[in-house]
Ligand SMILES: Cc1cc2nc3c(=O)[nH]c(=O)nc-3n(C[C@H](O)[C@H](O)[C@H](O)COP(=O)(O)OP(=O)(O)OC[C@H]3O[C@@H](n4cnc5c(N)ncnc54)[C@H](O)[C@@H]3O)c2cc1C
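Next comes just one chain, in structure tokens: the form predicted alone.
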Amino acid sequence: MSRPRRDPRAERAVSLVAGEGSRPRYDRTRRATGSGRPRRDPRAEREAQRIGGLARARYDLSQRGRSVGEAVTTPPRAAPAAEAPKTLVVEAPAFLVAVVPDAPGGRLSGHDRQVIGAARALAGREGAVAVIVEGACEGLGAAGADRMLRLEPAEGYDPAARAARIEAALADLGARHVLFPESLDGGDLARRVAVGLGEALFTNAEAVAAKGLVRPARGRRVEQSLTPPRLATVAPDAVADYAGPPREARALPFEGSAPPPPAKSILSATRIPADPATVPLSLAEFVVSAGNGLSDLDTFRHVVSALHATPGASRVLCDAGLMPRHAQVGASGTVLAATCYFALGISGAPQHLQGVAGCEHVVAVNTDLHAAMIERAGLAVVQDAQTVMPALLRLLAEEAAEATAREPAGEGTAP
């Protein structure tokens, strides 16, 4: 026979460990020379796959074929970094599609991004999207803007003067189409510009394409379609955001002259902010919610008041009667469209996550590192909310004191 014959007694004698007490002990990793195929040791193989330097046991499954050896002390090789997307540049567009966003606080809102996405559908490959903003505004290129025309912001709130500045900018651009958001400010501005230019306005468009615009009519029983007009407003949540590579957002000079101040048809225009505590959750911009992990609701109300936010709650607190039913956030309560959502002691049930899916920023405080709300949050604090709330109140009080100290002395008082 070509294959050597196994000798079980010799193999057993080789694996005997001497000096291990009265009972014999055997080391199964030892094998006699020429005893055939070596026996697998699953424990040693598993230990060889372990990644060192971590608190919890982690294993590199790519080392599956590795037998006995030292444990992996370095993390697996990281994947090569993805290249940054190339910025698209339109040098000589055939025409321009202008967008006049609300851009509150110098940032594009979700509705503004949707309007720019609608403008991209009208521009196609041959056209370019030009955004008209007042003051600085960030994120225009990523939102899909090829050009940017910046106007100097006016002092105070004067809708008639703003409409006159937009009319002058549109005359300078010569855009084929102009889109506005169908919002409180954007809708009012669009109607003022349409009256000033003497042109028709197609309002509340819910479908935007190069072939035409569509909007509901007669209580949404019929649809009205029209070839893309020059002036139109886009309904919220009707058109998807631009999802392509970033655009250039090249700054354009404003070559037109400043329009003369319009006649004072409005004697006084003042924004009166609403009380955040009485704003409906569906319209709130900043919502602070309490969950089952919160027991001190008095401190929670102080935090909501100090942050000038709208109070919310999870279903557990509303079912227990600790918070009113109209404050419930979630699929069975109110679906939010807030800019920021601050969750205190909320684990994140699926129905609750559906209610905050439209929020731009989510901040969560929870003791469970693996809670669903922690995973959803852009900023997570793994700590007890009962400890975080007093610390947050102290920081807000310190900031308020510093702001008061920096304010200049009033007229008639010594500095």
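Bear in mind the structure is a predicted one, so any value in this text is a computation, not a measurement. Position 1 is the first residue in the sequence shown; the rest follow in order.
Omitted from view is the form predicted together with this ligand, to which the following refers.
This ligand is not shown here, but in the model of the complex it comes within 4.5 Å of a heavy atom of A385. Proximity of N292 to this ligand in the model of the complex: non-hydrogen atoms within 4.5 Å are present. Proximity of G330 to this ligand in the model of the complex: non-hydrogen atoms within 4.5 Å are present. Contact annotation for A121: none of its heavy atoms lies within 4.5 Å of this ligand in the model of the complex. For a residue to qualify, one of its non-hydrogen atoms must sit within 4.5 Å of this ligand in the model of the complex; none of S109, S183 and N204 qualifies. The single contact residue among C359, A48, A349, A377, judged by any heavy atom lying within 4.5 Å of this ligand in the model of the complex, is A349.
Checked against this ligand in the model of the complex, the candidates A161, V316, L307, L151 yield a single residue with a heavy atom inside 4.5 Å, and that residue is V316. You can rule out all but one of 162-170, 211-219, 338-346, 138-146: in the model of the complex, only 338-346 has residues with a heavy atom within 4.5 Å of this ligand. Residues of 193-230 placing a heavy atom within 4.5 Å of this ligand in the model of the complex: none.
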